[in-house]
Structure formats: structure tokens, C-alpha cells
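In the block that follows, a single chain appears as C-alpha cells, in the form predicted on its own.
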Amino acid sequence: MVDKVKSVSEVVRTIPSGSHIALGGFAIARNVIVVVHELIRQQKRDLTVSQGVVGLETDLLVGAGLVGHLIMGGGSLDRFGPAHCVNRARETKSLRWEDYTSLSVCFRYLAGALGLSFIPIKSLFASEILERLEAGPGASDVKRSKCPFTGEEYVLLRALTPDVSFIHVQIADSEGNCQINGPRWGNEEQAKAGRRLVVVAEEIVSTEFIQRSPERTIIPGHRVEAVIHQPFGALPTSVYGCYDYDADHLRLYVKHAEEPERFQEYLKAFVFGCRDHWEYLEKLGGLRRMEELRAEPISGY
């Protein structure tokens, strides 16, 4: 039995600048905020970030100037509006980006998880996204080909194999066996495609508890390098079954993200101005605010 529980600062120190990291969140749900804040504090630069649907965590990294290449399948801050930092970086061409559908990003992760160098799909034929990829920086990652058996035309997608995949989960044991409740999106494929895999867990439970429901173990421990135990580690985004998003803080974030100067004020107050995630949670309102956001047992939110 290996105890894989580590601190977020310890894990982030092992990630070199220039790494390709995959983030498992979806808009404003299950974002690895605790990890992103630490990446910003430690100034891990020139990152390649891939994600099926980008959200708050990617917007933070881009706004902090740490992303050089973005591989994405769309995204936003859901009801709170667009990802302003991402959109601004694209408009000013301060990073390279490749636009896919969220499904095709998931298939690229699936190829990586299966140990394949590419995977054939058909869905991009129905979208002008394919033409844009072929004419832009994604040209080396997509090819048209015909099936050798039927002659049907396919799009071949190069596999995505991130240096590190980060996934936020509700439950894990100290060996890294994980349960994800609610929507999983492409997290399983993304996790298994990474050369390294780090999970952020709301709760650490015994392996005996995990073994009671083996069918719920989405990510097995042998694939996991480290477990970061951080309750409320996704705030201000939501975690199904644990807590809802913090609408007040998301509105505050958007007001700052709309302007580059004000965004730096946000980083100073809520990232650089906090020693760790616990101090950040205190700035969000502490235990009283956490209790207000805690999920209702039946609905999960």
C-alpha cells in the first residue's frame, strides 16, 4: 500500500515550464482551481493547455500569461459569460490555439489512452472547424484518409498525450483509486492519456470503502501519481454532490477579467495574496460561506 497524498505545492514544483497539461473541468464545474492558483504562484510558463470545454481555470492561466498554446473544444463561464482572458489572448494573438469540438478533443484523448498514435472519426466532416484546422496551426494534427476496407472517408486525429493530466474528483483513497459522481465528460479518457496523472480529491476515504463499489472506480490507483486532498478545491466552481458554484465570486471575477489591469488586481488579491488555498477560502467568506454553498443531498447542488 503506497500513500500518494501530497501537497499541491509539492506536486507543482515537479512540473517544468513548457509542459503540456490537461485540465478536467467543464466551464464552471469541477475546475482544479487549487492547482491553477499554485501554477500561477510558481510561475510555470509557456504551458500547453488542452481541455474539452475551457472554463475558469484555463481563463486564469491564460490571463496570468502562462499559456503559450491552447487546444480547446469551446468553452465559457456558463451563465456568467465568456472567458474574457482566453478571448482577449486570441484576439491579440498572444498565444497559439487550435479549435476543435469537445467530442473531437475527447477522441484525441481516447487515442492517447489506448496507446494509439491517431484515431479516425467522421463528426468533423459536418463542421467548418475541420477546414480551419487544416488551414491553421492544427494542420499537423488532422489528416483526411480513406478506409482501406470500405473506401469511406475519415478524419484522422493525432493522439493527445499530456505530460500531466489534472482531474478533480469527489472521492479518492490514499492509493489514488477515484470515484467521480455526476457528469464525467471526457475525464476518464483524459486521465488515462496523461503520462502523469494527478487527482484533486474533496475527500480521502479508506480503500475498504472504495472496494465496496468497485464499479464506481473511474480512475484506478495504479495510474495515479499523486493525490492532492483539498476540500472546496474547485471553488468558486461547483462540484456535484459537494457544493454549488459561488455566484457572487464569479461575478466579481468577471468584472476583473473584462479588463487586463483589473485582472492583475484579482491575481494580487486572490492568488498571490494568499499563502495557500485555505487562506483563499477565508477570503471567499470562510466556513460560513462554505456552508451556504454546500450541496443539498437530493439534488446534489
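Worth saying up front: this structure is predicted, and the values here are computed from it rather than measured. Just count from 1 along the sequence shown to find any residue number.
Beyond what is shown, the protein has a form predicted together with another copy of the chain; the following relates to that form.
If you check another copy of the chain in the model of the complex, you find a heavy atom from every one of P120, F149 and L157 within 4.5 Å. Contact annotation: K143 falls within 4.5 Å of another copy of the chain in the model of the complex, judged by heavy atom distances. With a 4.5 Å cutoff on heavy atoms, L110 counts as touching another copy of the chain in the model of the complex. Interface residue remark: A135 is not counted as part of the site for another copy of the chain in the model of the complex, having no heavy atom within 4.5 Å. In the model of the complex, another copy of the chain stays beyond 4.5 Å of every heavy atom belonging to H229. Residues of 166-191 that come within 4.5 Å of another copy of the chain in the model of the complex, judged by any heavy atom, reduce to R184 alone.
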